[in-house]
Structure formats: C-alpha cells, structure tokens
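First, one chain by itself: the form predicted alone, in structure tokens.
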C-alpha cells in the first residue's frame, strides 16, 4: 500500500483507490482505540485543530472535535455567528487570522461550493472539507464506505442506491466519486425534479423506479430532503414524496435479505425513512455515527502526524 502524501482533504474526485484504502485501513485501528477504557492516544499531541463552521452542524462538528481530542490534539471551535464573520470579515481573512496563531489544521464547512479549495490555495495549514455547498462532503462518504466494508465485507461489486434529493446533496456526489472509485455500482433514484441528468457524468446510473432499485440493491441510502437549499418548489407535497419514495417496512419487503439501510443524517422520520426502518435490524445509521469518529481520526492522523510515527504516537 502506498504512502500517504496529501496535505489537505478537499474532495474524493481526485483521490485514488489506494489512497481511500489507506484511510479505511487506518480507521480500523482507530476504531479499536475508541473501544478502550481510556479512549486516547498521543499521536497528535502538540497539534492544534480548528473547527471553522459557517453552517450549523451537530454530527460532523462533534465527530471531528472528538476525533482530534482522542488523538490528544488541542481544539478550537469557531462559529460564524459568534466570530468576526458576523461583522463582515471574509472567510479567507478569518482563516488567515486563525492560521497566524500557528494552528496545524482547519476543518471548514461552508454553504458556498469551493470555499475549502480557496482556503487550501492560500493557507499553509492543512484544510479539511467538512461540507461545501451542494458539492462535496468527503469525510461523510469515507465513513459511509468504511461502514459498508465493515458490514458487507467489501465495496467492489456491490450495488448501492442513493435515494431522494440528489440535486442538493453533497453527500450523494462524494459517495458517487468514492464508491465508483472503489468498484461499486451506484444508482440514484428520486423524483425527476430532484435528480439532475448530469449526475450520470459522475459515474452513477439513474432509475426512477424505486421498487426496482430496492430489489436490486445491496445498500440503500435515503437522503434528507434539503428544504433550506431549495430555491423553488421541486415536490407537490412532502406527503406524496414519503408515499412514493420513502423507505418503509412494506417497501423493504422487496429488498435483499442482507440489505443495509444508511442515512447521513439528520433523519426526517416518516419522510425519507420510517421510524420502523430507521430503528430496524437492517439499519446501520448509528454505526455510521460511531465510525465517523474513527474515520476522522484516521484523516487527522494521516494529514498531521503519520510520518515516522505509529498510531500510538511513538
């Protein structure tokens, strides 16, 4: 397996299969760390990681913060509403001022696509994309792939269905890039208004027949309907969407016996997935959350501390 050389983690579009495999393999070791009584290793002692979030976040922010702390790094949280950004300062100026305090990595989430790339070109600190606009959410896709591999034993050759609001989903795009690189077949399904035809250019297939998609898939990944990103009305009603495309117990009867149900969260129960399914035997939603910490530990370690060190930091 090749050595890790990247300075930033911006998206999965230009990441090789070997690089993804390094992250997933490293995450396996860090998942074991998180199961110990003392959930901490000194691998990043002396490093400082800044969480710079321009959008609300619970899972991603807390997951990154916990990952950094379990690696013994210092962390700083900066929310747009309580920073100089609320006074008109640009994202780049804010990041430059943060970097001037000699921090080692900036984890950034922004509503505009491309902001992490801009920061990467102008900063010496490592930049990690925690979600930019509708474009990319690489660490979510990596934890999804880790969970699939853990539960089904492989990624290559599997049929993965991403369902729902594809148009506004950065998770869908990153998963298509990552899963196809790893050899999976990805199909997207949803109302035609929420499935842009150009999604096929990323390597996914389009199928509007939800029941056919459920029957043939090894993994079902319903997505949240992102009302906050929709500038026009794409659905007649949420009730109709739930009836036609929501994953409930009746539709799940069509699925393979070893299918797994994923969701990047937050989950709108009764809309894209029923409570029965979200809490049922096929659901790996909480496994995804658990695995998110291990995967983000792996990413921070590879970017900031891997050279010449073991995972224990020695």
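Positions refer to the first chain, counted from 1. Predicted model only: the values in this text are computed from it and were never measured.
Missing here is the form predicted in complex with a small molecule; even so, the following discussion is about that form.
Undergrad: Using a 4.5 Å heavy atom cut-off, which residue among 129, 140, 217, 169 comes into contact with the small molecule in the model of the complex?
TA: Result of the distance check: 140.
Undergrad: Among the candidate residues 287, 57, 29, 34, which is the single one with a non-hydrogen atom no more than 4.5 Å from the small molecule in the model of the complex?
TA: That would be 57.
Undergrad: Even though the partner isn't displayed, in the model of the complex is residue 264 close enough to the small molecule, meaning a heavy atom within 4.5 Å?
TA: Yes.
Undergrad: Quick one: is residue 173 in contact with the small molecule in the model of the complex, heavy atoms, 4.5 Å cut-off?
TA: Outside the cut-off, so no.
Undergrad: Using a 4.5 Å heavy atom cut-off, indicate which stretch of 132-140, 193-201, 70-78, 153-161 touches the small molecule in the model of the complex.
TA: Result of the contact check: 132-140.
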